[in-house]
Structures are given as structure tokens and as C-alpha cells.
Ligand SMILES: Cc1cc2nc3c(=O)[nH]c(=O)nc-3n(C[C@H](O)[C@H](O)[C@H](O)COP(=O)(O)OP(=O)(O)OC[C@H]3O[C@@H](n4cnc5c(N)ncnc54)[C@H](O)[C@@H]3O)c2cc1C
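Below you'll find only one chain, the form predicted on its own, shown as C-alpha cells.
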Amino acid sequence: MKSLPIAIIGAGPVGLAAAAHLAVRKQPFVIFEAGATVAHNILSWGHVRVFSPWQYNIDKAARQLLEASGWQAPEAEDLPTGRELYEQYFLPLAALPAIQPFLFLESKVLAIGRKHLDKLKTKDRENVPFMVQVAHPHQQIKHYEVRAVIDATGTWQSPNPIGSGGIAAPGEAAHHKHVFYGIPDILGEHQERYKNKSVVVVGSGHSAINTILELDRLKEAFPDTTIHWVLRKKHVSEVYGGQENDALPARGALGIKIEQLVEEDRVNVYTPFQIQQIVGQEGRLTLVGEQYGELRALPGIDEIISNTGSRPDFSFLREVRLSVDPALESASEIAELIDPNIHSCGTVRPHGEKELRHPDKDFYIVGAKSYGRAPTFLMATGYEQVRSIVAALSGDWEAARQVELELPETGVCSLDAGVACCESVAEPEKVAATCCG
């Protein structure tokens, strides 16, 4: 078993960080990426400038390997775009001799299980390697024996539906050509799609705010562009965030800017609005939903941009014994740390290998997927997750247990979530802030 490699599923930020830590510790690994390049999902929002500076976006082991090759880190306080992250960090990291030979692109994992044992069988289960079934290019399917699995596939490819209650609204699939799930390049590649159109943005997170701000800039050049914002929140002010109190100024600025747009009536806000149906009428759409207990229709819509978050895909893990929270679909042990029903801070207490274990020994879900449906994940959290897990898989249990996490305060907690404050903890060097409640 010790001579077998460790499989990493997904070559995004956290998957590559896991590879870097394994490389530093001289542990054999293979990494499978379904996309045509590493960080494939990030390229889909390459035009977006992130609100966390470079200092939070570079993993420590990755930095160690890169700097040994002569790479120079960008300025720590600069805010990169998704494409800059890709070109200046992820591509050079993936090209390193310590990682590139073990990286398989356009390789989709179809299934994972224990060798010769289905999910029902328990005897000797911990002593049997995992089998990873992978579809490589040209439909070539191979099986790999590995001693451990780190699932870093994320959730970006599994967006939540527009319909209320987490269920696709009738008409959502039929009119999918008018629905964009994600963050379109409104001022660039997708400008023709949205200019002088009546556009609905659905969602209440940072992605939705960023989309609306971009549409407002488009409206300045094309005044016939109409912006509608559909939220499920009780009041739009709930999404303004910590603003000046946010330790990440760019994140706080989003709340300031969107509040200004709302107050100036530059965007039509509908909240709380629960979408129940999408109807096509003479080439345009009508959104039918419930607001304050009554049915309401929003007619004359040309395009819908869905920023309703995403959910994990467990379809290829059918034969793995998982411990998943029934509500969040996160790793069970971290659910109480991130549950938005309890708190809504963007920071979380340190957690690592111990909290991310599953009943099948040496199987871990990391990164955004470890958070399930919770929306507060930051890359730095995933980097610390894989550092701890790789330490454990390498037999360094002392390092695995010494989990530390330094994240910037959001400056806000949700009163509706049953908490009254964000308070600094006794050891600020370990974590910037936590929610009380």
C-alpha cells in the first residue's frame, strides 16, 4: 500500500496545492483533471478580479517549489484577475518537473471504490487500495490502484437551479439558451448578448453583486439595458456585507457599490421573490414567482444570469463510504463551523485532517466541495486543509494536528442566523475572526 500513489481528483487551486505538498514530502501521486488545462474552472471567470490579494492565493508548498525554480511572486497586496491567477501562478506550478509528469488533463474520473470490495463489504476494507476509474482522451478508460484519494473537484460545474426550494423551475431547462450559470464576461466576450436587453440576475452573493455592477457599466454605454435583481432574502440590505469593516477592502467595496446602485434606483430589486416558473412569450421570458405570499409575474425578460451558488457532485463516489452533513452536504465534522443557519462569517475556525476524515480510511474531500452548499469558502482554507491531510498521509501526525488558519475578517455576521456579533478570538495569529452564537 505504501508504494502506491495518492490520487488527487481535480487540478484547481486546492488540487494543485495538494500536489505541491505531496511533492515536497516526496510522496508519489497522480492528479486527474477533467478540463483541458489546470484551473479550468477559473478560466471561465478569468475576467473577474478577485477581492483577496495574492498573499492569500498562493499555497506555501507551491511557493517553495516555484521559488526554487526561479519564479518570482507577484506583489502580495495586488488583486489578481482569474486569468492572472492562471497565467502567473497555476500554469507555472503545473509545469514544474515535480508535478507535470504526474498530471493527466482531459481525464474525467468516472468512479472510485475499494479494489474488489463494494460499499457493503467491511472486512479488511482499510487494507485494500482504492480503484479509480478514469476516462482519458479518445474514450480510453483505465483503472488506477491508489492508497488514498483527495477529492478536490469543487462545485463550480454543479450550479444550483433557479427555481425555489433547490429544484429546477418548470421551463428552466426548456429555456436554457437564455440562462447563463456563472459569471459572464459582460463587458467583453458576452457584451452582444446583454447590451440593450432586459436582464435578470438571480442570487445574493458576491458573484451576483459583481454581475450587477458589470451590467451597470454596460448600461452606461448602452442605456436601453435594463437590470432586474431577484433575491430570496427578506431585504436587500442583508447582502451589503461588512463594507468599511471588511478586512478585504475590495470585498467590502462590493457592498458599498451595490447599496449605492439600489439607492439610486439603477437596478430593479425584487425580494423576497421565489421563482416558480419560467414561461416563454413571443421570444421573451416571463418569470413567475411568489412574493409576500402572492403570485407575481416579471414579463419582458431577454436573459437570465444565475448566481445562485452551487452544490457538490457525489455521483462518482457511489461506492465510497462518506460522512456528509444531511443539510449542507459538507464534510460532517465541519458543518457546524460553516452552517449559514448558524452564522454567515466568511471566516472559519481552523480545521484539517481530523475534521475532514470519512468512514473510508484515507479518503478526503477538500476545497469548496468540502463545504458542500455553504458559500463562505476561500482558497486559503483549502490550502491549510491539504497541508494537514498530506502531513497525515505522510505519517507526520504532529504536523497534521497543528492546524492554523489566518483569514481576513468579513466585518459582518447575520443576525437572522441567530448570532449577534463577530468577535476576535484569543489567538488571532491562528484565525482572524469567528462568529459567536
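We number the residues from 1 along the sequence you see. Quick caveat, the model's predicted, so the values are computed rather than measured.
A second form of this protein, the form predicted in complex with the named molecule, is not displayed here; the remarks below concern that form.
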Tell me which stretch of 41 to 49, 22 to 30, 395 to 403, 66 to 74 has a heavy atom within 4.5 angstroms of the named molecule in the model of the complex. 41 to 49
A368: touches the named molecule in the model of the complex, heavy atom cutoff 4.5 angstroms: yes
Against the named molecule in the model of the complex, would A391 count as a contact residue? Criterion: heavy atoms within 4.5 Å. no
Does the 4.5 Å heavy atom contact test between A152 and the named molecule in the model of the complex come out positive? yes
Is the gap between W156 and the named molecule in the model of the complex 4.5 Å or less for some heavy atom pair? yes
Though the named molecule is not shown, can you say which of H178, K233, K257, K108 has a heavy atom within 4.5 Å of it in the model of the complex? K108
Residue by residue through 159 to 194, which ones have a non-hydrogen atom no more than 4.5 angstroms from the named molecule in the model of the complex? I183
